[in-house]
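In the form predicted alone, a lone chain appears below as structure tokens.
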Amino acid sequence: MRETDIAIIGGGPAGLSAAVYAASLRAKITLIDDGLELGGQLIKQTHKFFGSEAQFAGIRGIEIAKKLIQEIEKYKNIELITNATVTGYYEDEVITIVQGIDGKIFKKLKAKRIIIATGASENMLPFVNNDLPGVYGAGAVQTLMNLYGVVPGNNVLMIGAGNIGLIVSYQLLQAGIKVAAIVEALPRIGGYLVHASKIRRLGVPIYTSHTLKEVYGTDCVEKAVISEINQNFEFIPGTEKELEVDTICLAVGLSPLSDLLWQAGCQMKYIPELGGYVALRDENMKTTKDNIYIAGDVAGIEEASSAMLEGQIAGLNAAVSLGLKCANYPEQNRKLKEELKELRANPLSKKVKVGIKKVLIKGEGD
């Protein structure tokens, strides 16, 4: 049985930020991640970030990951367990971990505090022949291209005009891959218009109020049929368009990976604005279980910049709750929350702010 002050589950932007902040206050940290390397989604994000200078505005995601990992390496009080999956959280507050490709290494860990930063999983979409080779999630496409230098296909249909769909489309074009079109079920583009403008200037049409109806192919994707839909998301007959494509890329949203929160007995609530079931929490990112904090997409689907700030808030407060000293703690905590508030002060964060109001509970000192 290993013991630690704070176990952080997830080594993406939220988990790394939480680890750095808590370790700076001399907490003993155990950081667990299922990847072969740390960084989460950052290690495949080649675009530059928006936001404030404090949250790496103007820096590419891959470079942000390097900076955070360099910070992690400065602290001897951070233990890393990579290529590992947390398989359970039990009544005696023990975390079980399976490590290695073959899963033969089994570990037990007991932590005084836990920060769950497990991120999210990609949503899929039902359509005819959605099991054909050539149908990918956007995250899989980014992994193939930006990590391994492998193109997914030659002619892509992108489903979803949120930031992920727009950014991945641009990355496909940069790799010399044709993007036949971007299809969005909503009547408006969901991502930043600056991304959409770049795509349109390169000649890629964006069809709003459209969705994918079916895909044709024998051994792989050969054609796709898209159709206009009404406000009830029903196909409008006679509006079908047939596209010669060999790849379908789905960027239709994410769902929080909240399994451990359910198992731990945290109070959960379905919040569509945050992507699904999320844990109730106070402003310090503490859940209804006093020893468990959350940060990042598991707390609600948002941008990586927000995830990093949530991680810092969770790391700070988890460490302070153990009695560790932080010079000017109230001011530090207030400053982080103010930065997060400023980051969300844009029209695209309106939905997120509505969702957060539904899950926010009062904590001590509120």
Ligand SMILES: Cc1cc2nc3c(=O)[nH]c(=O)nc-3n(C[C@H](O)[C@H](O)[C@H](O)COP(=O)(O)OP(=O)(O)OC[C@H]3O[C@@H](n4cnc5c(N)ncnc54)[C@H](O)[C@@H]3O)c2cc1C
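These numbers come from a predicted model, not from an experiment. Position 1 is the first residue in the sequence shown; the rest follow in order.
Form predicted in complex with the ligand: not shown, discussed below.
S.K.: Decide whether P256 counts as a contact residue for the ligand in the predicted complex under a heavy atom distance cut-off of 4.5 Å.
M.R.: No - in the predicted complex, heavy atoms of P256 and the ligand never come within 4.5 Å of each other.
S.K.: Could you tell me if E339 has a non-hydrogen atom within 4.5 Å of the ligand in the predicted complex?
M.R.: No, E339 stays farther than 4.5 Å from the ligand in the predicted complex.
S.K.: Considering only heavy atoms, tell me if M268 and the ligand come within 4.5 Å of each other in the predicted complex.
M.R.: No, M268 stays farther than 4.5 Å from the ligand in the predicted complex.
S.K.: Residue-level question: is Q312 within 4.5 Å of the ligand in the predicted complex, judged on heavy atoms?
M.R.: Looking in the predicted complex, residue contacts with the ligand do not include Q312, since no heavy atom lies within 4.5 Å.
S.K.: Looking at I115, M285, V156, V168, which is the one with a non-hydrogen atom within 4.5 Å of the ligand in the predicted complex?
M.R.: Contact with the ligand in the predicted complex is made by V168 alone.
S.K.: So which of I182, A224, V141, A295 reaches within 4.5 angstroms of the ligand in the predicted complex, heavy atom to heavy atom?
M.R.: None of the other options qualify; the answer is A295.
S.K.: In the predicted complex, which of 22-30, 296-304, 327-335, 314-322 comes within 4.5 Å of the ligand (heavy atoms)?
M.R.: Result of the contact check: 296-304.
S.K.: In the predicted complex, which residues of 11-36 put a heavy atom within 4.5 Å of the ligand?
M.R.: Heavy-atom contacts within 4.5 Å come from G11, G12, P13, A14, G15, I32, D33, D34.
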